[in-house]
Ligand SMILES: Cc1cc2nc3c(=O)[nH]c(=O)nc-3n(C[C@H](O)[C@H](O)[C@H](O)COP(=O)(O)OP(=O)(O)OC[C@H]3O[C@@H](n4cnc5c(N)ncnc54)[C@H](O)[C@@H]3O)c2cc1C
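The chain below stands alone, shown as structure tokens; this is the form predicted alone.
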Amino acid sequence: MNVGIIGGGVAGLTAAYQLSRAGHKVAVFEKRPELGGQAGTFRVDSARLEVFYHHLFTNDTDVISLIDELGLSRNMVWLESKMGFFHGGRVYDFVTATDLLKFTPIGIIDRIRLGLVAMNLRRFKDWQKLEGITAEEWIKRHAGERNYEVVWGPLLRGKFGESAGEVGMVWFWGKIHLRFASRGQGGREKLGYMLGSFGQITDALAQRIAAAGGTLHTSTPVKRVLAEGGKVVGLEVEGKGKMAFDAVLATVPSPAFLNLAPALPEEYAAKLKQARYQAAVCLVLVMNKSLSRIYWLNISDPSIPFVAAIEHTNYINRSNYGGKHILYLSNYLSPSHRLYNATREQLLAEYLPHLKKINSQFDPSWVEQSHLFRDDAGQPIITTNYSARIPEHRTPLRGLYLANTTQIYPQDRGVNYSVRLGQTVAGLISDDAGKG
């Protein structure tokens, strides 16, 4: 079978790899100059680095298995992380139970409640029971108003902005369940990273696809999905015209999919129209000094215009980057936010004064390079009773399939679940091909 795949991110490439292994002919079309999508990379001098920070948890079994299958396990390292929390002008360690007991912005009873809630969510598996309640309502009820005000509320607002109050508890459960389930004895957390960047996965998948006779086209946008008589027949591709395919998989965000396939029936299209996203915005700083001793610093200060400061070189040795310190300033913005369309220079001017709050010694001269990356569909907004609104992978147009981050549920988006998504949809396409 001849399969066209729209999007060269991890899900699209994984699907293409699985389909090509099964004997199908695949063609991948990526509108950007490079493959990888949200797992794309760029260069810091001679080193390769993710445009959006990445690490793996010990229970990310799908991508770990794929890494092993691709012969890349030798490049994986598992290291203890240094997590922190910034509140009230101070950086707090936020990893172990002892760290929690020392977290004085909340009282001792609230500290105990916070720890018990995290422990219970780690063990809780029946997430369907949480679908009808918001994260805000559940946290206030079970962890208390103060814990919401100081800890979880600022992080939800930083991630989802004005939609924070709508976020379903299942999304919050997924984050806590995943994170704490990856911790070992004593509460210490080990995270996985691929030395040389996770771009090696993209490279290896592309090589395997090409070796199996597949083709990969970058800087090649798809203009339209072609359908006749309720069945997909091909794609209209910029610079290539109309191309015939027996099946098409789209791995693009829901609004983009609607534009590509306007012939979709209204009931299915209505699910796509309900999808909402926050844009992921990362300003990456290459510095000659370190901002803090923390790898992942969550920000609980409404005056600071970013939600987290991830100092990659507090996790992976800076010798891998010519001795430089790598700092990601992470943000999630709605289209209505004043910084949504800000340039790199504007964000730099906005952010730099706030780094002095984290480290009083900080000076702008520490910053030698800055790079801005954004993805308008960076974070789907997961609301209550979300499962009823997830579009099916098999669309009503026979031979047309969808795989995007709105369908990763109850988990949140990430490399592991993109791999799983690609494998799942490739299986559906192969099964349908077998049925004739």
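Just count from 1 along the sequence shown to find any residue number. Computed from a predicted structure; not experimentally measured.
What comes next is about the form predicted together with the named molecule, which is not displayed.
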{"property": "Joint contact, G4, I209 and T395 to the named molecule in the predicted bound form, by non-hydrogen atom at 4.5 Å", "result": "no"}
{"property": "Proximity of R413 to the named molecule in the predicted bound form, heavy atoms at 4.5 Å", "result": "yes"}
{"property": "Contact test in the predicted bound form: F245 vs the named molecule, heavy atoms, 4.5 Å", "result": "no"}
{"property": "Residue contact check: G378 to the named molecule in the predicted bound form, 4.5 Å heavy atom", "result": "yes"}
{"property": "Heavy atom of N298 within 4.5 Å of the named molecule in the predicted bound form", "result": "no"}
{"property": "Stretch in contact, per heavy atom within 4.5 angstroms of the named molecule in the predicted bound form, of 52 to 60, 65 to 73, 382 to 390, 363 to 371", "result": "52 to 60"}
{"property": "Contacting member of V252, L283, I304, I316, with respect to the named molecule in the predicted bound form [4.5 Å, heavy atom]", "result": "V252"}
{"property": "Stretch 15 to 51 - residues with a heavy atom within 4.5 Å of the named molecule in the predicted bound form", "result": "F29, E30, K31, R32, G36, G37, Q38, A39"}
